[in-house]
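Coming up is one lone chain in C-alpha coordinates, specifically the form predicted alone.
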(Lines give C-alpha, C1' and ligand atoms only; values in the text may rest on other atoms or scores of the structure.)
Protein backbone atom coordinates (compact mmCIF):
# COMPACT_ATOMS: atom_id res chain seq x y z
CA UNK A 1 0.00 0.00 0.00
CA UNK A 2 1.31 3.48 -0.88
CA UNK A 3 1.67 6.34 1.61
CA UNK A 4 -1.32 7.99 -0.04
CA UNK A 5 -3.39 4.86 0.53
CA UNK A 6 -2.13 4.69 4.13
CA UNK A 7 -3.38 8.25 4.66
CA UNK A 8 -6.78 7.48 3.13
CA UNK A 9 -7.13 4.30 5.18
CA UNK A 10 -6.10 6.02 8.41
CA UNK A 11 -8.60 8.80 7.76
CA UNK A 12 -11.46 6.37 7.19
CA UNK A 13 -10.53 4.39 10.30
CA UNK A 14 -10.40 7.51 12.46
CA UNK A 15 -13.70 8.85 11.11
CA UNK A 16 -15.28 5.48 11.85
CA UNK A 17 -13.88 5.43 15.39
CA UNK A 18 -14.21 9.08 16.42
CA UNK A 19 -16.46 10.90 13.97
CA UNK A 20 -15.39 13.44 11.41
CA UNK A 21 -15.28 16.47 13.70
CA UNK A 22 -12.88 14.80 16.14
CA UNK A 23 -10.39 13.76 13.47
CA UNK A 24 -7.43 16.08 13.15
CA UNK A 25 -4.57 16.18 10.67
CA UNK A 26 -2.22 15.31 13.54
CA UNK A 27 -4.22 12.17 14.35
CA UNK A 28 -4.25 11.17 10.70
CA UNK A 29 -0.49 11.62 10.38
CA UNK A 30 0.13 9.58 13.52
CA UNK A 31 -2.21 6.75 12.45
CA UNK A 32 -0.79 6.68 8.89
CA UNK A 33 2.76 6.98 10.22
CA UNK A 34 3.58 9.88 7.89
CA UNK A 35 4.91 13.38 8.36
CA UNK A 36 3.17 16.60 7.47
CA UNK A 37 5.25 16.97 4.29
CA UNK A 38 4.01 13.63 3.02
CA UNK A 39 0.38 14.29 3.89
CA UNK A 40 0.39 17.79 2.39
CA UNK A 41 2.15 16.49 -0.70
CA UNK A 42 -1.05 14.58 -1.46
CA UNK A 43 -3.76 16.72 0.15
CA UNK A 44 -3.86 20.47 0.73
CA UNK A 45 -6.23 20.25 3.73
CA UNK A 46 -8.54 18.00 5.73
CA UNK A 47 -11.55 18.79 3.54
CA UNK A 48 -9.75 17.69 0.38
CA UNK A 49 -8.59 14.52 2.13
CA UNK A 50 -12.08 13.64 3.40
CA UNK A 51 -13.54 14.28 -0.05
CA UNK A 52 -10.97 11.90 -1.53
CA UNK A 53 -11.90 9.23 1.05
CA UNK A 54 -15.55 9.71 0.08
CA UNK A 55 -14.78 9.49 -3.64
CA UNK A 56 -12.71 6.32 -3.19
CA UNK A 57 -15.45 4.71 -1.06
CA UNK A 58 -18.13 5.56 -3.64
CA UNK A 59 -16.00 4.14 -6.44
CA UNK A 60 -15.37 0.96 -4.44
CA UNK A 61 -19.09 0.58 -3.74
CA UNK A 62 -19.95 1.19 -7.40
CA UNK A 63 -17.54 -1.55 -8.50
CA UNK A 64 -18.92 -3.92 -5.86
CA UNK A 65 -22.53 -3.32 -6.94
CA UNK A 66 -21.75 -4.40 -10.50
CA UNK A 67 -19.95 -7.60 -9.55
CA UNK A 68 -21.43 -10.49 -11.59
CA UNK A 69 -24.12 -8.18 -13.01
CA UNK A 70 -25.57 -9.63 -16.21
CA UNK A 71 -27.74 -7.28 -18.31
CA UNK A 72 -29.20 -10.32 -20.10
CA UNK A 73 -31.03 -11.57 -17.01
CA UNK A 74 -34.65 -10.81 -16.14
CA UNK A 75 -35.53 -7.54 -14.44
CA UNK A 76 -36.02 -9.32 -11.12
CA UNK A 77 -32.70 -11.19 -11.33
CA UNK A 78 -30.80 -7.99 -12.21
CA UNK A 79 -32.52 -6.14 -9.36
CA UNK A 80 -31.70 -8.96 -6.96
CA UNK A 81 -28.05 -9.02 -8.07
CA UNK A 82 -27.60 -5.27 -7.51
CA UNK A 83 -29.26 -5.34 -4.09
CA UNK A 84 -27.46 -8.46 -2.96
CA UNK A 85 -24.19 -6.82 -4.01
CA UNK A 86 -25.18 -3.68 -2.05
CA UNK A 87 -25.84 -5.82 1.01
CA UNK A 88 -22.57 -7.73 0.61
CA UNK A 89 -20.65 -4.47 0.22
CA UNK A 90 -22.21 -3.14 3.42
CA UNK A 91 -21.28 -6.30 5.30
CA UNK A 92 -17.77 -6.69 3.86
CA UNK A 93 -16.83 -2.98 3.88
CA UNK A 94 -18.86 -1.53 6.75
CA UNK A 95 -16.59 1.47 7.34
CA UNK A 96 -16.92 2.64 3.74
CA UNK A 97 -20.64 1.81 3.60
CA UNK A 98 -21.44 3.72 6.78
CA UNK A 99 -19.15 6.60 5.82
CA UNK A 100 -20.96 7.00 2.50
CA UNK A 101 -24.32 6.86 4.25
CA UNK A 102 -23.34 9.31 6.99
CA UNK A 103 -21.62 11.89 4.85
CA UNK A 104 -23.46 11.82 1.51
CA UNK A 105 -25.50 14.82 2.61
CA UNK A 106 -22.85 16.52 4.70
CA UNK A 107 -21.77 20.03 3.71
CA UNK A 108 -18.22 18.76 4.26
CA UNK A 109 -18.50 16.75 1.04
CA UNK A 110 -18.41 18.93 -2.08
CA UNK A 111 -21.67 19.32 -3.99
CA UNK A 112 -20.09 17.96 -7.18
CA UNK A 113 -18.84 14.89 -5.36
CA UNK A 114 -22.22 14.26 -3.71
CA UNK A 115 -23.78 14.25 -7.18
CA UNK A 116 -21.04 12.02 -8.56
CA UNK A 117 -22.47 9.59 -11.07
CA UNK A 118 -21.15 6.10 -11.53
CA UNK A 119 -22.09 3.18 -13.73
CA UNK A 120 -23.83 1.27 -10.94
CA UNK A 121 -26.11 4.19 -10.12
CA UNK A 122 -26.97 4.70 -13.78
CA UNK A 123 -27.71 0.99 -14.20
CA UNK A 124 -29.93 0.99 -11.10
CA UNK A 125 -31.87 4.05 -12.25
CA UNK A 126 -32.22 2.57 -15.74
CA UNK A 127 -33.45 -0.70 -14.26
CA UNK A 128 -36.08 1.15 -12.22
CA UNK A 129 -37.16 3.10 -15.30
CA UNK A 130 -37.41 -0.16 -17.27
CA UNK A 131 -39.58 -1.65 -14.52
CA UNK A 132 -41.82 1.41 -14.58
CA UNK A 133 -42.16 1.21 -18.37
CA UNK A 134 -43.17 -2.46 -18.06
CA UNK A 135 -45.73 -1.58 -15.39
CA UNK A 136 -43.87 -3.60 -12.74
CA UNK A 137 -42.62 -0.70 -10.60
CA UNK A 138 -44.60 2.24 -9.25
CA UNK A 139 -44.56 5.43 -11.29
CA UNK A 140 -42.45 7.77 -9.20
CA UNK A 141 -39.21 9.63 -9.57
CA UNK A 142 -36.50 7.03 -10.21
CA UNK A 143 -34.17 8.71 -7.71
CA UNK A 144 -36.88 8.46 -5.05
CA UNK A 145 -37.39 4.76 -5.81
CA UNK A 146 -33.65 4.21 -5.60
CA UNK A 147 -33.46 6.05 -2.28
CA UNK A 148 -36.26 3.90 -0.83
CA UNK A 149 -34.39 0.72 -1.75
CA UNK A 150 -31.08 2.09 -0.50
CA UNK A 151 -32.68 3.16 2.77
CA UNK A 152 -33.96 -0.33 3.42
CA UNK A 153 -30.54 -1.84 2.79
CA UNK A 154 -28.75 0.73 4.97
CA UNK A 155 -31.13 0.01 7.85
CA UNK A 156 -30.61 -3.74 7.52
CA UNK A 157 -26.82 -3.43 7.42
CA UNK A 158 -26.76 -1.08 10.42
CA UNK A 159 -28.97 -3.45 12.43
CA UNK A 160 -26.72 -6.37 11.60
CA UNK A 161 -23.57 -4.44 12.49
CA UNK A 162 -24.89 -3.68 15.97
CA UNK A 163 -25.95 -7.33 16.30
CA UNK A 164 -29.65 -6.54 16.44
CA UNK A 165 -30.37 -9.66 14.38
CA UNK A 166 -28.60 -12.33 12.31
CA UNK A 167 -28.57 -12.28 8.53
CA UNK A 168 -28.84 -15.83 7.30
CA UNK A 169 -30.09 -16.88 3.88
CA UNK A 170 -33.73 -16.47 4.87
CA UNK A 171 -33.29 -12.92 6.21
CA UNK A 172 -31.28 -11.93 3.15
CA UNK A 173 -34.02 -13.24 0.85
CA UNK A 174 -36.68 -11.45 2.93
CA UNK A 175 -34.69 -8.22 2.67
CA UNK A 176 -34.39 -8.53 -1.10
CA UNK A 177 -38.12 -9.21 -1.36
CA UNK A 178 -38.90 -6.20 0.84
CA UNK A 179 -36.84 -3.97 -1.45
CA UNK A 180 -38.57 -5.36 -4.53
CA UNK A 181 -42.04 -4.97 -3.02
CA UNK A 182 -41.29 -1.44 -1.79
CA UNK A 183 -41.32 -0.12 -5.36
CA UNK A 184 -43.46 -2.76 -7.07
CA UNK A 185 -46.96 -1.86 -8.26
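Just so we're on the same page, rigid core means the largest C-alpha set that superposes within 1.5 Å between forms. Computed from a predicted structure; not experimentally measured. Residue numbers count along the first chain shown, from 1.
A second form of this protein, the form predicted in complex with a further copy of the same chain, is not displayed here; the remarks below concern that form.
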Every residue of 52, 73 and 80 near a further copy of the same chain in the predicted bound form, heavy atom within 4.5 Å: no
Interface residue in the predicted bound form among 59, 41, 126, 147, criterion: non-hydrogen atom within 4.5 angstroms of a further copy of the same chain: 147
4.5 Å heavy atom contact, residue 152 to a further copy of the same chain in the predicted bound form: yes
In the predicted bound form, residue 30 touching a further copy of the same chain (heavy atom, 4.5 Å): no
Heavy atom of residue 20 within 4.5 Å of a further copy of the same chain in the predicted bound form: yes
Heavy atom of residue 1 within 4.5 Å of a further copy of the same chain in the predicted bound form: no
Contacts with a further copy of the same chain in the predicted bound form, stretch 168 to 185 (heavy atom within 4.5 Å): 171, 174, 175, 177, 178, 181, 182, 184, 185
Flag for residue 116, CA shift 2 Å or larger between this form and the one not shown after aligning core: no
Core fit, then residue 138 C-alpha moves 2 Å or more between this form and the one not shown: yes
Core-aligned CA displacement of residue 59 at least 2 Å between this form and the one not shown: no
